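Next up is one chain by itself, shown in structure tokens, the form predicted on its own.
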């Protein structure tokens, strides 16, 4: 009786999750389908599959690449995302290790400041931040990396700290006895153990930074267009839009981050559970 009840619940859960997945994937499929249709047919029949009259092949993709300077925007997005994620993964791991192992009031206070930063809405500080970034000459692709490091450090330090608390201190003491200095202990002993959480931090921040529109728009603007900013410029005057090029460019924009996520997604649950439960 209990097995039948458990089987019924499992079946119901699978059905529910399948329906939920369809709802999440339907907009992506709709964009993909319309990216192969002529511009005017997208508005007239957005839910119809492409046919002999509406199918335009890769024309929309070529138009989108030309109109927005896709490869330039892709380069800026890739540079900012890779460098920002690398900085967050490394420096937040070092910060969390220090805050967990150094038992002082200052370290404890800093930890809670990092945690508190997660609940502060970006809209609350965005105008002050953009003004300070301009005064400090951070309004370029290298400068914005420092801003992403600041905004991404709250959640990252929280996840790292929870995982580090579960690492036996004896491991680090053994490395010290063997002659390792603090930096050697971190890079040779601690950081390799942090791999699941490091990959989780990298995935979460890469998805956020790659798709972020507001921060690059406020800080670097139109001079260094990232992909979200470039896509926005497909909207012309008086609300006119090249819907075909827009759909195609959106597909090109999401492909890299989807591939990255699928390649690393198995580490997300493991890293989040390790960082949140142990903390």
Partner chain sequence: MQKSYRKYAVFFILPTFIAFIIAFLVPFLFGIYLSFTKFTTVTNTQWVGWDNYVRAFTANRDFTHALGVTAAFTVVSVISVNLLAFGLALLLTRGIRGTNLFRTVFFMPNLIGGIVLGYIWQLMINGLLLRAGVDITYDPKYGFWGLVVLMNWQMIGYMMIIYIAGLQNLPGDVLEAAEIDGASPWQKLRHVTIPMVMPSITICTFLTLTNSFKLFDQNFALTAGAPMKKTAMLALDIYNTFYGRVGDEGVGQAKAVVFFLMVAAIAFVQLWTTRSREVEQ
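Keep in mind that what you see is a predicted model, and the values were worked out from it rather than measured. Whichever C-alpha set is largest while still superposing within 1.5 Å between the two forms counts as the rigid core. Positions refer to the first chain, counted from 1.
What follows is about the form predicted together with the partner chain, which we do not show.
Chemist: If we define contact as a non-hydrogen atom of the residue within 4.5 angstroms of the partner, is residue 44 a contact of the partner chain in the model of the complex?
Modeler: It does: once the partner chain is placed as it appears in the model of the complex, residue 44 has a heavy atom within 4.5 Å of it.
Chemist: Within 4.5 Å, heavy atoms only: does residue 165 come near the partner chain in the model of the complex?
Modeler: It does not: once the partner chain is placed as it appears in the model of the complex, residue 165 has no heavy atom within 4.5 Å of it.
Chemist: Can you tell me whether residue 142 touches the partner chain? I mean in the model of the complex, with a 4.5 angstroms heavy atom cut-off.
Modeler: So residue 142 does not count as contacting the partner chain.
Chemist: Would you classify residue 86 as touching the partner chain in the model of the complex, given a 4.5 Å non-hydrogen atom cut-off?
Modeler: Residue 86: no contact with the partner chain in the model of the complex.
Chemist: Are all three residues 36, 72 and 245 in contact with the partner chain in the model of the complex, where contact means a non-hydrogen atom within 4.5 Å?
Modeler: No, because 36, 72 and 245 lack any heavy atom that approaches the partner chain to within 4.5 Å in the model of the complex.
Chemist: If we check the partner chain in the model of the complex, which of the residues in 143-165 reach within 4.5 angstroms of it by a non-hydrogen atom?
Modeler: Read in sequence order, the residues that approach the partner chain (within 4.5 Å, in the model of the complex) are 146, 147, 149, 150, 151, 153.
Chemist: Once the two forms are fit on the core, has residue 219 moved its CA by at least 2 Å between the shown form and the other one?
Modeler: The answer is no, as the C-alpha of residue 219 shifts between the shown form and the other one by less than 2 Å after core alignment.
Chemist: After a core superposition, would you say residue 38 shifts its C-alpha by at least 2 Å between the shown form and the other one?
Modeler: Yes.
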